[in-house]
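What follows is one chain in structure tokens, specifically the form predicted on its own.
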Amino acid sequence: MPNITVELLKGRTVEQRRAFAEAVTESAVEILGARRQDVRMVFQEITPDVVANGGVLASEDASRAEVVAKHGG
């Protein structure tokens, strides 16, 4: 049984999470040979102030400003 944890910046829509879950589940079935009903996925929403890229908080990274603004900064 594949257990998949996905961390996303807060603000993704239910439709986006649903489409992502469907696509990843399909890949797990095809690649891993898992039964569709056994693929478990948990979405964890994170805020830009609790994740850092290259030692810089996402909330303070000018190169990520557009993404942060779009998804809950």
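Quantities reported herein were computed from a predicted structural model and do not represent experimental measurements. Residues carry their position along the shown sequence, with the first being 1.
Note that the form predicted in complex with a further copy of the same chain isn't included here; everything after this is about it.
- A residue is said to contact a partner when one of its heavy atoms sits within 4.5 Å of a partner heavy atom; residue 6 meets this definition for a further copy of the same chain in the predicted bound form.
- Interface residue remark: residue 69 is not counted as part of the site for a further copy of the same chain in the predicted bound form, having no heavy atom within 4.5 Å.
- In the predicted bound form, 1, 2, 3, 4, 5, 6, 7, 8, 9, 12, 14, 16, 17, 18, 19, 20, 21, 22, 23, 24, 25, 27, 28, 31, 32, 33, 34 are the residues of 1-34 with at least one heavy atom within 4.5 Å of a further copy of the same chain, listed from first to last.
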